[in-house]
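Have a look below at one chain only, the form predicted on its own, in structure tokens format.
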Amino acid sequence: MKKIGILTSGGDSPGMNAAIRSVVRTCLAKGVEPYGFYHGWRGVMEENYQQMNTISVGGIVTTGGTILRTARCLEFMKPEGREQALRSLRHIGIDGLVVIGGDGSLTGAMKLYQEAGFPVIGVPASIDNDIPCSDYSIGFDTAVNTALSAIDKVRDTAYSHDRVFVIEVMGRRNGFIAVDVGLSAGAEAIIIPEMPYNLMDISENLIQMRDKGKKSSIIIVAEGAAAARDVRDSIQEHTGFEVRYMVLGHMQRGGSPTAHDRVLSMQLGAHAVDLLLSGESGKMAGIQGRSLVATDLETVLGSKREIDLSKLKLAYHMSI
């Protein structure tokens, strides 16, 4: 294998640049030419690429986002789009591809492998941490810490003014960020899509806490479960308390990656190259415990990552 391509696709996540850097420098260390494709699968289809070297990835380990840019490409999800991408890869002489992204990006990689046998290895990158078969995906730890930093500051204001704050974090389809943020921030309630909730019960709990002398509270809600404003309105109506809400939004995607995400990105990027060079394909590089693993993309995409309910139980006990 002489040439390996790299692309980032789907939503950006902190640590993508560290993963790109790891792939590039591992390739160079092993005598392979690395090529970066811009704007995800669209860049592959349109042959928008650049041969990369040590200088082109210098200093990027500290930065968020992705120097290769990212985009969602609906054309690639059609057979004719993948055929065009395959023609481009063969025209450039790419022998294997490392795809860094979430489930949509990995689905595209799997289809390219299944339909054409093209060598691909996926690297999980998603702030949601909802990709199965790896304990962590790139960007999750940074997103949690970014949200936590903001919530810690809000907690000071909530305490000073005897207020309830409802804070909305990202997570359209799951509550992984909400659970870890809520537990680590000492939230009085965590609302996620995977679990039923009752705002009347939450309101009653807040009243009971107020009666015991607890004047301020934090409610964490995942965006896919409810809108923070609606939760605020309901709690305020039922309790009569002064309630504020805040939506953290896309700030959770940006910023310098944490040490955990940088190390994870470098491990998975290097592992992806090693897998390709050893003849593996159609798999995702991941980490389980302290071990680097490789799992068939079909298995990854056919599975579902479940919320750790013990964390929710612990968060409830910590709020009493």
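Numbering starts at 1 and runs along the sequence shown. Just so we're clear, the structure is a prediction, and the values are computed from it rather than from any experiment.
The following text describes the form predicted together with a small molecule, which does not appear among the structures shown.
Contact check at 4.5 Å (heavy atoms) against the small molecule in the predicted bound form: all three of 72, 128 and 223 pass. For residue 214, no non-hydrogen atom is located within 4.5 Å of the small molecule in the predicted bound form, even though that partner is not displayed.
Contact check for residue 91: every heavy atom lies farther than 4.5 Å from the small molecule in the predicted bound form. Remark: residue 253 counts among the residues lining the small molecule in the predicted bound form, judged by a heavy atom distance of 4.5 Å or less. Shown alone here, residue 175 lies farther than 4.5 Å from the small molecule in the predicted bound form, counting heavy atoms only. With the partner left out here, the small molecule still marks one of 234-242, 164-172, 74-82, 187-195 in the predicted bound form; by a 4.5 Å heavy atom cut-off that stretch is 164-172.
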